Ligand SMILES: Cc1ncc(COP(=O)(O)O)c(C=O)c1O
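Below, in structure tokens: the form predicted alone, a single chain.
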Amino acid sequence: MRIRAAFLPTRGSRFGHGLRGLWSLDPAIHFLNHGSYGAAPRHVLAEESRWRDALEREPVRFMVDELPAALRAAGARLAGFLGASPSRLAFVDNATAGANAVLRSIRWRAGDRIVIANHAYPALKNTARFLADRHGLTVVEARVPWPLPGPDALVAAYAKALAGGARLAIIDHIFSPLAVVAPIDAIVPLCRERGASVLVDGAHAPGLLPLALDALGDTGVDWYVGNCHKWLCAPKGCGFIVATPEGQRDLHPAVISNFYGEGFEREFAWTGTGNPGARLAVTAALEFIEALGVERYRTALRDQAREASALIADAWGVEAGAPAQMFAGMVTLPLPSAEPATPESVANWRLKLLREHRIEVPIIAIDGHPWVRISAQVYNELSDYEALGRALA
């Protein structure tokens, strides 16, 4: 399939509001929440639509004769971008589905310990709790302090939690609520010393961080799961799991389907009838990011997020929750409010900003206090963040 270049950025394009037309986003909104669900560019959506049209023209021929090779090609393209061997990568709907595949495949024994951070993504904390209830497991939280003085405190939290050993350690590469990058190169060796297998939740990492997933596997990461719909700008429903050869043993999708027992690639490639367009369109998403310039893109998001957070912090008289060097593309700052954070209050804050100021940004309750997590993207300019600064100054 040929991908039309009508909605591709030209190399060297100036980042900012001039690129908004490459997305379908409402131009009247200051959209500062790319981190939650991403936003697929028109170029990528057009490719997803073309794959869907091909499916519906002749569903049987597409599913049986065309899809297997197309998925392998898309997977190989994504694997190359992630520094992974194609044989180690499989598509999943999202990072949560990939993590569930790992967690539900392990042959747990009563008394096994899972180490996971207190600020880990809620879906993974819930999955660990679900398994603990059914198998008699012990979930040990690495108590990461917040605000965070630096990466050493994060490492120390894992070291303390691992002191009693563990069957599995789960590490967020970028913590979703905190927006900080974890020093996994320092944490993974601690896990291996204590006999723990390692699952890294890389939901936010692809696109924001340079990845070499085969190399991470060689250092002790058994499984790495990630999303493509966030910072790679792929359609929703495109995620991946990368597993070492040892990690693939007895690993099965969370949904068991026709090819159970026929190996990692075959089982994950088919978990039942669905619309594979999001996964196949990942090639268009990579083409879009590469047209922006991969390193230029990463650097721009990192620098924009840090500059924007400094601007807002100055307007509100607050400090970000961690040192600037720990953030990449997102920053979390305290909301200038003494009101305790509850699910209702943070939901009301978000709606107030959206309805009264046309600002879409997440308000998050962390340890009973309200925090705001800003995202940077190439369609943003500092004026978007200035609007947020003024709204609550």
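What you are looking at is a predicted structure, and each value in this text was computed from that prediction instead of being measured. One rule holds for the numbers: they count along the sequence shown, beginning at 1.
Although it is not shown, the form predicted in complex with this ligand is what the next lines describe.
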Exactly one listed stretch (208-216, 186-194, 272-280, 88-96) reaches within 4.5 angstroms of this ligand in the predicted bound form by non-hydrogen atoms, and it is 88-96
Residue within 4.5 Å of this ligand in the predicted bound form by heavy atom, from Tyr121, Phe264, Trp146, Phe81, is Tyr121
Would you kindly say which of Gln304, Ser176, Thr244, Thr127 lies with a heavy atom within 4.5 Å of this ligand in the predicted bound form? Ser176
Please run the contact check for Ala169 against this ligand in the predicted bound form: heavy atoms, 4.5 angstroms, yes or no? no
At the 4.5 Å heavy atom threshold, is Ala203 in contact with this ligand in the predicted bound form? yes
Counting only non-hydrogen atoms and a 4.5 angstroms cut-off, does Asn227 reach this ligand in the predicted bound form? yes
Test of understanding: in the predicted bound form, would Ser337 fall inside 4.5 Å of this ligand by heavy atoms? no
